[in-house]
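What follows is one chain in structure tokens, specifically the form predicted alone.
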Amino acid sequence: MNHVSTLVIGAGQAGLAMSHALRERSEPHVLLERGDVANSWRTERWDSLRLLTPNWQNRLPGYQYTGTNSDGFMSMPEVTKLLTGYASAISAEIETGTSVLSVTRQGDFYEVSTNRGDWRCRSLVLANGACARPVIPAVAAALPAGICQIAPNHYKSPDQVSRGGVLVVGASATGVQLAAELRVAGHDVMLAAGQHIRMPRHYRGRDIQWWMDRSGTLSTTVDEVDDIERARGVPSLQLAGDGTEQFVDLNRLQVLGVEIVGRLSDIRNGTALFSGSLANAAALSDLKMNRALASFDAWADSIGVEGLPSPECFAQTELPRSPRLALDFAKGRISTVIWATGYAPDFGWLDLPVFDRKGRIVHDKGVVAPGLYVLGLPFLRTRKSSLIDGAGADAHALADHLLRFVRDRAA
């Protein structure tokens, strides 16, 4: 049995930021990582993916981008290089290739069983990521046997997709990016769009993340939100890590030749059924976008930001008058379904009563139970909690709480 005061599970941006914060506070700790540093970025993202945040925004405690393209967007190898460089710079003590099998509570300690031995610690930080597993809807089980199914963490490039049409389910950032990539590669593509948020990559000459960062939108705290559970479930913006295209939205996809249909509601007897509420979903998305842009305009006016072009107005989302409501898989148009239906954390090894009836871990700004913390989840403490840029502030706040807990127990 290995003993350490604090264990951190995960060596991505959240775990490394916590390591930095704990080291500053002289708290002995070890990080457990199932693969290598930045494992998810390294192995579970598609080849062409780039971060949705500009390089200048990829800030970690005591470490930030120093290259010559601050407005560019990192590829996955570049993200991996960023995080491995950070791990080295902060001298993080990491046990790589270490998969957690179970976590239990024994008296005042947590016992962590892994494939490389057992650990006992007084405090434990769960920093294994918000995107540990894809969320595949139950309706997937009803797909005909001949249809290939691909989860986004297994998709790499159009080369792996067999000939024939592709149905991409989900219209947030992942869905629209994959639909565009597959269509450009020559596939017949259909996109099933439910709730989504349209947003321009740049507005009035500035990247949309500049607006969200400078206006304080990303720093909104959980205490400033009326319905935090709803806020935590907001889909990712329809963006791509590409500063040349202003939109990767439903309008852009239709120009490329992608057919847009409503939310996939069911599959019965080999036929996919799509919701008839596509127009309403698109109208609501336009409304949310325009409200956000208006709030940015108001903020810029209130503090007198200079050098900005005039406010921009964008055409509404245009859709077919009668979108398709059903698709018979037997007719052979679609041979592959890609489930771009979101991600969720994976705490299947956590044998503790800390989950709600929907299986979500319950926490108060990252504090789960005495000595138990979670880090890196959407809107954990602020709107940017799940971003690289948000890991530092959350880590320092939780490290302060953790240190008080350790000292109180030692007293």
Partner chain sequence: MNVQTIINANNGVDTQALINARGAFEQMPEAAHFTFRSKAEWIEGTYSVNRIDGYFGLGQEHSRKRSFAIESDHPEVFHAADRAPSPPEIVLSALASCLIGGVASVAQHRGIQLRSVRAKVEGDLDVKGILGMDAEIRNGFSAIRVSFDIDADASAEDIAAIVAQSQKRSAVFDILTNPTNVNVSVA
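All of these numbers come straight from a predicted model, not from anything done at the bench. Numbering follows the first chain given and starts at 1.
Absent from the display: the form predicted together with its partner chain. The rest refers to it.
Heavy atoms within 4.5 Å of its partner chain in the predicted bound form are found in exactly one of 183 to 191, 207 to 215, 162 to 170, 277 to 285, that being 277 to 285.
With a 4.5 Å cutoff on heavy atoms, residue 273 counts as touching its partner chain in the predicted bound form.
In the predicted bound form, residue 149 stays away from its partner chain, with no heavy atom inside 4.5 Å. Residue 266 belongs to the set of residues with a heavy atom inside 4.5 Å of its partner chain in the predicted bound form. Using a 4.5 angstroms limit between non-hydrogen atoms, residue 93 is distant from its partner chain in the predicted bound form. The partner is absent here, but in the predicted bound form a heavy atom of 224, alone among 328, 242, 224, 118, sits within 4.5 Å of its partner chain. For the residues 195, 316, 157, 99, the 4.5 Å heavy atom test against its partner chain in the predicted bound form is passed only by 195. Taking its partner chain as positioned in the predicted bound form, the only residue of 330 to 364 that brings a heavy atom within 4.5 Å of it is 357.
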